[in-house]
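Below sits a lone chain in structure tokens, taken as the form predicted alone.
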Amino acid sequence: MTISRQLQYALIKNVAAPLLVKTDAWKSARSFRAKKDKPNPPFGPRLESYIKLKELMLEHYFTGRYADGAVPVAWITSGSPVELLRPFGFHIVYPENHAALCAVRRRAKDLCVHAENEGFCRDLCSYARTDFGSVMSGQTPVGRVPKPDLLVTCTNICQTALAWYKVLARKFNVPLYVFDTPFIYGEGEEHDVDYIVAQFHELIEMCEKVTGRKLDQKQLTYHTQLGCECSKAWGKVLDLCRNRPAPMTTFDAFIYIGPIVAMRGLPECLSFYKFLHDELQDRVSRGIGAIQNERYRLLWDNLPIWFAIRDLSTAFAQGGFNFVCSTYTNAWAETAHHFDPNDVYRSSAKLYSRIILNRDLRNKADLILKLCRDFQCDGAVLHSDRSCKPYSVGQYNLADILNREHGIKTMILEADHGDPRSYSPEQGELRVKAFMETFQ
């Protein structure tokens, strides 16, 4: 770290970034006011919280451009225990979040092709290919992504992340910590918790070596508790969609998930979800729905099809179908109840090992059925994701359980979360229409 870089970073973080955010917020608010009272069929009124979301993510990515060389930088997977890194002052980068942003902005295809031209197989996760393409080409819609001083990956989401981060470790020549979570069958065992807690201490030692700082236990407790509060606040936002009509759609939630992924454990994340909750609660009290004619309620399983969110949300909303819950958005809220501030390490071990992708198929089926009951779902769309095998495995069995045993109408939609070459809009449109006709 150099003093000049630290001064530049402080100037960017405390002066330039807030000024940029205020300017963008003024433009966004002006645009919002101009559109606020205009009809937006088949949707309801636009959410003002979107302006706040843009501000938050803009400041995060803009500040990050100048982070390396000024503060320690860590790249981590979404399922990693980020709270352990917060006390050390890391600027955190989530390559998955960045890859999703690239897909939304229609940049992922070119980055995937770049990675494939470098020898990476097209069957590899499109998040990984997007990340490799960005790293190797230097191209990104956020201007610049800071180089890492540390890489942290976790096996609770997929094994691809392990190979993915090994490639990054060789590329950047930086330490890699692989956080291993045993796969949980049933309710799990206490020795699994012991194994994970031991790794927490190993990761802390590595963070101390990389940063030259000692762990502040009070800061760890603070950020862990704050991370739990962020997850619970996100869960409260999602729970508002139990109301009829639902005040937002799951497609909205896919966009609003950004802060809980990229800024979990920070006060600005918690503040944002409180703001969003208040706006949605106001809609509930006034009977305002996310779509204008909510007739049927659906569950979405698996990652979003990021590049087709607008098209799919419009197609379903035009037929009166509203997605009101999702296993994906729920994943950042479902395990928060495990946290105990009096036992940070063991409770965090349970929290991170019991997410949906690290548990057996029976658990996933039970979770989907519970969501369908709680949110009064009439049907479910299961996204069979070409490049996310762990999330897609068993979906035909799940569809059979939901349909045959519980009378919940289901559809398998084949696509990819990031690469548009693996999705046929025409075929998707036909399948969506055929599915909706089964409700007539």
Partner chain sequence: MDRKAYIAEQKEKRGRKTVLVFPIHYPREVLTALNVLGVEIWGPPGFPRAPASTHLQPFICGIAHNILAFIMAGKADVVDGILCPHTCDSLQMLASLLPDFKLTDKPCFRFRHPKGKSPDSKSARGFYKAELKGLLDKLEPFFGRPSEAELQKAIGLHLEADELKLKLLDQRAYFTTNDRAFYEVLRAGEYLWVEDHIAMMKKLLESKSPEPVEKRKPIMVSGIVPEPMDILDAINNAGAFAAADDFAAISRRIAMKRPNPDSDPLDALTDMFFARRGCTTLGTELEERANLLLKLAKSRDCRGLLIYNVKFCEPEAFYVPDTQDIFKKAGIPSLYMETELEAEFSGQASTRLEAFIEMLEQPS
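Note that the structure is predicted; figures quoted are calculated from it, not measured. Numbering follows the first chain given and starts at 1.
As for the form predicted in complex with the partner chain, it is not shown, yet the points below apply to it.
With the partner left out here, the partner chain still marks one of 138-146, 84-92, 165-173, 264-272 in the predicted bound form; by a 4.5 Å heavy atom cut-off that stretch is 165-173. In the predicted bound form, the partner chain sits within 4.5 Å of a heavy atom belonging to A128. Not displayed here, the partner chain is kept clear of M206 by more than 4.5 Å at the level of heavy atoms in the predicted bound form. For L357, a non-hydrogen atom is located within 4.5 Å of the partner chain in the predicted bound form, even though that partner is not displayed. Within 4.5 Å of some heavy atom of the partner chain in the predicted bound form lies at least one heavy atom of K389. When the partner chain is considered in the predicted bound form, only one residue from S285, N342, Q217, Q159 comes within 4.5 Å through any heavy atom, namely Q159. This chain is displayed alone, yet in the predicted bound form one of D110, D180, E294, D239 has a heavy atom within 4.5 Å of the partner chain; that residue is D180. Contacts between stretch 397-414 and the partner chain, counted in the predicted bound form as any heavy atom lying within 4.5 Å, involve N397, L398, I401, E414, listed in sequence order.
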